[in-house]
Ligand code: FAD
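Single chain ahead, written as structure tokens, the form predicted alone.
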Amino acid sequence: MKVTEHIKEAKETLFSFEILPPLKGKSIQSIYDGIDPLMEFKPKFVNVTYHREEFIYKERENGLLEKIAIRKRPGTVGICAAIMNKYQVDAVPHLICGGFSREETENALIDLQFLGIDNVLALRGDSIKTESSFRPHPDGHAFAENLIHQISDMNKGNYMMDDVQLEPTDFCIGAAGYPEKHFEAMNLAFDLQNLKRKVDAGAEYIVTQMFFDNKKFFSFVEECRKIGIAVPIIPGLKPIKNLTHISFLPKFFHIDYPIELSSELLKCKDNKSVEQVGIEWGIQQSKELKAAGVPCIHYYTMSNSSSVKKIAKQVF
């Protein structure tokens, strides 16, 4: 079932969350251990992130370096199939531009259609550690907008193989939005125009980057509506869990903490106290968003569901 159909049928704010694929060597049970505690809140869909391949360099006998691709986490397609089979809940795989050719993207979408997966979240993706900035695959997409165009074309029956007639796909396409703007955008107005192009290309709903100030989310939605973005906008939340998060999250995700939150975090001396602040702030944020009638609240669990469970118990 499509995310937009779940939203249309819902009589109140939905609950959803996102997980990370496990590190290489861990079993599927590690995925289930992160999902099981949250099933009591009846999520309509679960997002599965995608992590790009990284590379190592090995010295050959002739002294030259050989670039070798390594995969640290199992594939998203298989994880989505396992989740749908075990929980009878829709899985939303992330598709990214980085590291994929258009042909590889098409093949992945064909696999997803075969498995009965109706939803995809189309993202550009981040640069890998060895890149100073994002570099698209030579035969891939530089922007999420282009990836969305390819998925939309397949939904119309237009494949890369012009000489082969295939059935149209029927994916519900999600896109990412940034209440505090994407860090590469010149300003928020420019970023909103980029978002509108993604919607015009075929994105049917938006999931936001994490944020900690609801005022910024409400302002973001208002500005989206002003420029003609009418699709559902789902807020994404992440509970702060440890001392490292205090500095890491703003730096890595280019977001700000409200003064009230930062003041409480500065009082924390250990991970336990940080986690408690994160839970209390998450409850406050979630209740306000739910009262405002958002279609769904999406939680970034990073495959650790303990804080999200405590928040959800007070909200859903």
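Here the structure is a predicted model, which means the values were calculated and not measured. Position 1 is the first residue in the sequence shown; the rest follow in order.
Just so you know, the form predicted together with this ligand exists too; it's not on screen, but the next bit is about it.
- Although the partner is absent here, residue 196 lies well away from this ligand in the predicted complex, with no heavy atom inside 4.5 Å.
- Heavy atoms of residue 185 reach within 4.5 Å of this ligand in the predicted complex, making it an interface residue.
- Looking at residue 50, you'd find a heavy atom of it within 4.5 angstroms of this ligand in the predicted complex.
- Remark: residue 99 does not count among the residues lining this ligand in the predicted complex, judged by a heavy atom distance of 4.5 Å or less.
- Taken together, the three residues 211, 241 and 255 all stay farther than 4.5 Å from this ligand in the predicted complex, as judged by their closest heavy atom.
- For the options 207, 172, 237, 108, the residue carrying a heavy atom within 4.5 angstroms of this ligand in the predicted complex is 207.
- Note on contacts: among 176, 231, 77, 201, the single residue with a heavy atom within 4.5 Å of this ligand in the predicted complex is 176.
- Here the chain stands alone, but in the predicted complex its contact with this ligand, taken as any heavy atom within 4.5 Å, falls in 142 to 150 among 223 to 231, 109 to 117, 78 to 86, 142 to 150.
- Of the residues in 7 to 24, only 18 comes within 4.5 Å of this ligand in the predicted complex through at least one heavy atom.
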